[in-house]
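To begin, one chain is listed below as structure tokens, in the form predicted on its own.
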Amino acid sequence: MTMSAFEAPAITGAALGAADRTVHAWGPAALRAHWSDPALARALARHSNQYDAPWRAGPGEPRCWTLDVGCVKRERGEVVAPTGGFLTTVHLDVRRAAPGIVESRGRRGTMLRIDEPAQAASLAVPPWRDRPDVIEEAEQQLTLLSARAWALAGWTPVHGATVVHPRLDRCAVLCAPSGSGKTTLTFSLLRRGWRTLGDDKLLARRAPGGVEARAVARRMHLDPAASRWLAEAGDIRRFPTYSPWTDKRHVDLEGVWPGRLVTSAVVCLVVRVRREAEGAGLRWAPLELAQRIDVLGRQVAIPGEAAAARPLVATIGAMGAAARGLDLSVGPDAFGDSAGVDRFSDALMAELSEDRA
């Protein structure tokens, strides 16, 4: 079976009951999904429902997409390593199959076809019960679909946390690989009066007043180990698990700190967060322009296709140029040092203060 021959199983609305259809708000996009297997819909529900932050719609928003999801029988040995040229991730290889058509094959056998002009997609999932790796890969396919939907709506998805000034609509973007402590840092600042757009993903676009960042999710992903530093969150293990392959939990931000989730802010600071095996507390230094653009580029999935990459790169460049930067080193027990976190909070406040805008 070749990528060019891929077609997801045909699924028609007439063949589906109401329980087989789901509608999801994805910020500037809206997704209407049709499922041939309602159990698969439930298995992916936490992922497909996560983009639930309030969205102030602009002209032409939301862009409404349809998704048909079907199950296919496929032997494990059938799946070969693909060679996609549009985008390559840990799980997926993605290529432009034809003008307006993007196809993605996963190493576990999932296959996604995106028809960009029609704002429609189809996803084929191989036998998945008792296969959390297949569900994980299907989630990655949904992440790809959301990223393309957002990009086509004029937004750049950035993998990063944000902290927003307590009184001003200016934010710092915290950039780091997963597991580097940006969520714990975000919560540590929230308890000191800061606000946030979220801890994992934001959407950005150039605007007359700078680069605007918008929230897409209400919930944050927090490791239960952080309970020792964040007493007000209580036992973090009481929250639902984020996924079968991590111990992180979906924490209801508004339930812990009401009013701390905001929907938009202007990006004025880029912070590179680096976990260190040695050293004490939090230490920071200035981050130069080239470093800011480099770290932002690592937080965005940039296609190899010039036309698709150009608007994303332009947003990254504008963000790096308009913002100042800090390089933050996080020691092993940094969040146990309350005075150290206080000092960093004061430093952020100074960077985002009105007289330095």
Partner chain sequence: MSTDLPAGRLILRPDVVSTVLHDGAVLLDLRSKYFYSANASAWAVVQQFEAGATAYEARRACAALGAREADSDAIDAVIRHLVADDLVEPLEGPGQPAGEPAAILEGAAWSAPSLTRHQEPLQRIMVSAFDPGIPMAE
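On a predicted model such as this, the values are computed, not experimentally measured, just so you know. Residue numbers count along the first chain shown, from 1.
There is another form of this protein, the form predicted in complex with the partner chain, and it is not shown here; the text below is about that form.
The chain is drawn here without the partner chain; in the model of the complex, the stretch among 111 to 119, 166 to 174, 145 to 153, 263 to 271 whose residues come within 4.5 Å of it by any heavy atom is 145 to 153. Site residues 90, 289 and 294 are all in contact with the partner chain in the model of the complex, judged by any heavy atom within 4.5 Å. Residue contact with the partner chain in the model of the complex: residue 158 places a heavy atom within 4.5 Å of it.
At the 4.5 Å threshold, heavy atoms of residue 40 stay clear of the partner chain in the model of the complex, well away from it. The shortest heavy atom separation between residue 33 and the partner chain in the model of the complex exceeds 4.5 Å. Though the partner is left out of this view, residue 326 does not reach within 4.5 Å of the partner chain in the model of the complex, counting heavy atoms only. Think of it this way: in the model of the complex, the partner chain has a heavy atom of just one of 201, 105, 195, 219 within 4.5 Å, and the residue is 201. Contacts between stretch 282 to 308 and the partner chain, counted in the model of the complex as any heavy atom lying within 4.5 Å, involve 289, 290, 293, 294, 297, 298, 299, 300, 301, 302, 303, 304, 305, 306, listed in sequence order.
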